[in-house]
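Single chain ahead, by itself, as structure tokens, in the form predicted alone.
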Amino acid sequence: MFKRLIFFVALIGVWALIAERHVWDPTLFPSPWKVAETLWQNFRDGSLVHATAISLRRVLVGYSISLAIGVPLGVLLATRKWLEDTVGSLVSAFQSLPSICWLPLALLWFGMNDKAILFVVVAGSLVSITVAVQDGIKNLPPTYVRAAQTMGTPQFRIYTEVLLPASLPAILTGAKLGWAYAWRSLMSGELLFVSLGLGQMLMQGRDLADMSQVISVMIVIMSLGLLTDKVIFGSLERHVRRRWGLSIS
């Protein structure tokens, strides 16, 4: 924790030094104090809180849908050869498709509303979750399933009590990747049309040539990502490592 604090203090110091020496135009490279002032002003007038709440709601709904579909789909692709050869090929093709490519289709299907953004979020995060779960289960030793079948375990319980628990590290990795891609997809949607979220605040900063607002919103997005990684995914990872005996005491 102390090393991390020192690192960020030093980083802000370098940033302030470069800004004060006017290496770049101050309107294009504002000082950390100007960014902090803009951040505080947007927080006080409620615009930042409102935009953050809207973006968080969108990403949470889309991410939850991606998890609900991606985890069972990944399990099925890993355990059903005919599905892997058919649907799996389509999933692999979608993996190389940037999420922004889904936006024109979403706008034509749903119009300029939350449904279009939600569709882009799901399309952007679903594939990464599915592929991670599929790879995790396929890399499990086949003796796990054989041992369960020898003991007379019903097929459904093999999924719930063998495959899913054994592939928890891979599922968690897929969940982290899905969260990151969900945020990227969300910003792609919010940046391109009026959406009342953090993406719109970024565009407002660009349109007004207010780089301090652009950087302040970027800091908020990165802070949300860091907080989620440390508080939620970090706790889950520690729990999984302890369960698997991977913790270093």
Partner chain sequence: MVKLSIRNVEKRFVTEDQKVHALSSISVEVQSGEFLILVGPSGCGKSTLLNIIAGLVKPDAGEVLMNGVPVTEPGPDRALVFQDGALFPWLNVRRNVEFGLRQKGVSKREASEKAMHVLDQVGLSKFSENDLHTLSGGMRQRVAIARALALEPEVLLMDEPFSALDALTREDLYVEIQELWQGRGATIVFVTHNVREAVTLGDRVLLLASDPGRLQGEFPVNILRPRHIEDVDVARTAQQISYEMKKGRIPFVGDASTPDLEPGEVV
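Worth saying up front: this structure is predicted, and the values here are computed from it rather than measured. Residue numbers count along the first chain shown, from 1.
The form predicted in complex with the partner chain exists for this protein as well; it is not shown, and the discussion that follows is about that form.
- With the partner omitted from this view, the residue of N113, Q95, T153, T86 that lies near the partner chain in the model of the complex is T153 [heavy atom within 4.5 Å].
- Per the 4.5 Å heavy atom criterion, the partner chain in the model of the complex is contacted by stretch 142 to 150, the sole one of 142 to 150, 70 to 78, 171 to 179, 119 to 127.
- None of the heavy atoms of A106 is located within 4.5 Å of the partner chain in the model of the complex.
- Not displayed here, the partner chain is kept clear of D135 by more than 4.5 Å at the level of heavy atoms in the model of the complex.
- Although the partner is absent here, V131 sits far enough away that none of its heavy atoms falls within 4.5 Å of the partner chain in the model of the complex.
- At a distance threshold of 4.5 angstroms between non-hydrogen atoms, V91 is out of contact with the partner chain in the model of the complex.
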